[in-house]
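Only one chain is included here, represented as structure tokens and corresponding to the form predicted on its own.
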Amino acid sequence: MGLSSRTTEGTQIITVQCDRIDAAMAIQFKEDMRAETENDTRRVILDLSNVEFIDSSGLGAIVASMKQLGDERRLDLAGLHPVVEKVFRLTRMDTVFKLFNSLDEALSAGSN
């Protein structure tokens, strides 16, 4: 699993550097997300633009990462491929997360 992270204007951007988040990667993803978010940044954007497939384990790992952040912090999702976005919409997770078409769109939305 590969994640890269940077912070800009008080927002942490974590980019997933692989094309799948599935059962084989879910545990490692959660551990990597926990390590990457051990700071006090109020907003985290998870850039999923490289992810072409996600299964229920991957979805669960993203939800677990959001819960790990706590109520005071927010996890937004950006750059979802159509197949990945469909999983979020079918499971109604689009009501839990703010979904943005691109990282630029998420950044321009600010912390609203």
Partner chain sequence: MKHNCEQDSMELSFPATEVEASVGIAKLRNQLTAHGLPAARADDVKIALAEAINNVVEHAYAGMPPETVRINCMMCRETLEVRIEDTGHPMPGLKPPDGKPPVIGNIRQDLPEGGFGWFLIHQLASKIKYERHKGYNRLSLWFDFPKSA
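Positions refer to the first chain, counted from 1. Every value quoted in this text rests on a predicted model; they were computed, and no experiment measured them.
Same protein, other form: the form predicted together with its partner chain, not shown, and the subject of what follows.
Its partner chain in the predicted complex is not approached by Asp40, whose heavy atoms all lie more than 4.5 angstroms from it. Lys86 belongs to the set of residues with a heavy atom inside 4.5 Å of its partner chain in the predicted complex. Proximity of Leu99 to its partner chain in the predicted complex: non-hydrogen atoms within 4.5 Å are absent; the residue sits far from the partner.
Not displayed here, its partner chain is kept clear of Leu103 by more than 4.5 Å at the level of heavy atoms in the predicted complex.
In the predicted complex, every residue of the candidate spot (Ser56, Val63 and Arg73) has a heavy atom lying within 4.5 Å of its partner chain. Shown here without its partner chain, the chain has Ala23, Ala24, Met25, Lys30 in 23 to 39 lying with a heavy atom within 4.5 Å of that partner in the predicted complex.
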